[in-house]
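Shown here is one chain on its own, the form predicted alone, set out as structure tokens.
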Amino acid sequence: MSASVPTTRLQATADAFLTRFAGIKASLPGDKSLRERAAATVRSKGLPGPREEAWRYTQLRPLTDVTFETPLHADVDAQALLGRLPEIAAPHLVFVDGRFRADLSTASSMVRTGAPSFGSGARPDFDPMVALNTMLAEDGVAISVPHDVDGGTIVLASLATGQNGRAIAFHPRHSVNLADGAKLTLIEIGLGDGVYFHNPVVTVSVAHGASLTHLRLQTESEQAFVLSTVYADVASDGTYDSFQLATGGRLARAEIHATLSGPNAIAHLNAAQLLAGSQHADFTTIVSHDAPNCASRQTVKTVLTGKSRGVFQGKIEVARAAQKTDGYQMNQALLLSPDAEMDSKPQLEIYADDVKCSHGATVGELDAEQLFYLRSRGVPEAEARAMLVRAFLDEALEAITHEAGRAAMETAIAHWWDRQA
């Protein structure tokens, strides 16, 4: 009986989104048949429930307690939110409540706006959240960097205004395509006010010898639901270097699927989660080694206070043809409260013979001896704790070579810690 109640509520929420789709599908841009297939997936599978292994630690029951409305498409005032964006000298692509705002954005020859670009990497037939996005996506950007071009840095900002207390839902769909030898740093930033449901999907294609640095700063409203999905395909000699810092959201999940489809491809999927109160954050990754001589690295750090709950699920899949694979995965959590909880599930699935793969997980408190040492040297307790937390996070941050991007992450960490004092 207990399992059927949340299942029924999840189905009711899925039905509400299907009703929304039925009302607007004639006006939606893009591939209508793909949207109908996605709707069929939502209709048959609904939203992920507690019986699905991939969602075992992250249940969407709180999402069903809110009735989400359609965002107002008027040019709502977003100046206050713009002022909260970190200062990064680069073209900005600004979305407000899920809609692209040309008046707040900077033009770039590599960017196309308008109809969502669904790409070929995401699998709406298997992933219910991607299906929901495919069904309802109304806007997005397509970024394309030509052969051997260094595209510099682009900031993709999503701002949620709160819309005077209206709980809204939006599902932007973005794509990033790098041709052979191309380079780009993409910095995604999400922030907002009030209650909302942000369900973005990004498809990434990194061609031969290309390199994408993908930095993601998630500082959304602590009342928000943020369920994001990234699908990245990396060809031979290509690099996908990703880092996410998550401090916001009532319920947040970042899911990354990285496929190393060509020899000598590289994927770095690093992250840090800073959680307080009753926040719940989930970082889930699946790295598929489909070609030989590929490498992947994952370092995920989580700091928890209050009654917050963190989740890490990381899976490395090594195909039979992927000889000489080098895969590494480490998850570490720091509990600053006896009521906080961390769930860690690293996995290896290996079918090749000649590989080097390892994973590990640790959960613990601040080192009492280190804290005592700092206190004995005259460092106040709050400052000593902050120093130890920052030292804990340094390993995850040290791989960020983009100076402005790293500065934005460090500032967000400092602001989060100030709120805990």
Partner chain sequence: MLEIKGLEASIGDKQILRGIDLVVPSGEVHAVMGPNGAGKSTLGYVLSGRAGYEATAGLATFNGADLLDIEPEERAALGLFLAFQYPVELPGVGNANFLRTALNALRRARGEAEMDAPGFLKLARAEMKRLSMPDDMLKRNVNVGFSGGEKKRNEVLQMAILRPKLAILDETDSGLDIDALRIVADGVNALRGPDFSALVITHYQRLLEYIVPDRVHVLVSGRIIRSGGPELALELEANGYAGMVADAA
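Because the structure is predicted, anything quoted here is derived from the model rather than measured. Residue numbers count along the first chain shown, from 1.
Form predicted in complex with its partner chain: not shown, discussed below.
Problem set entry | Position in contact with its partner chain when the complex is considered in the predicted bound form, options Asp394, Glu36, Glu52, Glu365, heavy atoms within 4.5 Å | Among Asp394, Glu36, Glu52, Glu365, a heavy atom within 4.5 Å of its partner chain in the predicted bound form occurs only for Asp394.
Problem set entry | Listed residue that, although its partner chain is not shown, lies within 4.5 Å of it in the predicted bound form (heavy atoms), from Ala40, Leu388, Ala352, Leu63 | Only one option qualifies, and that one is Leu388.
Exercise. Just one stretch in 352-360, 40-48, 373-381, 27-35 has heavy atoms within 4.5 Å of its partner chain in the predicted bound form, so which one is it?
Worked result: That would be 373-381.
Problem set entry | Partner proximity in the predicted bound form: Glu369 to its partner chain, non-hydrogen atom cutoff 4.5 Å | It does: once its partner chain is placed as it appears in the predicted bound form, Glu369 has a heavy atom within 4.5 Å of it.
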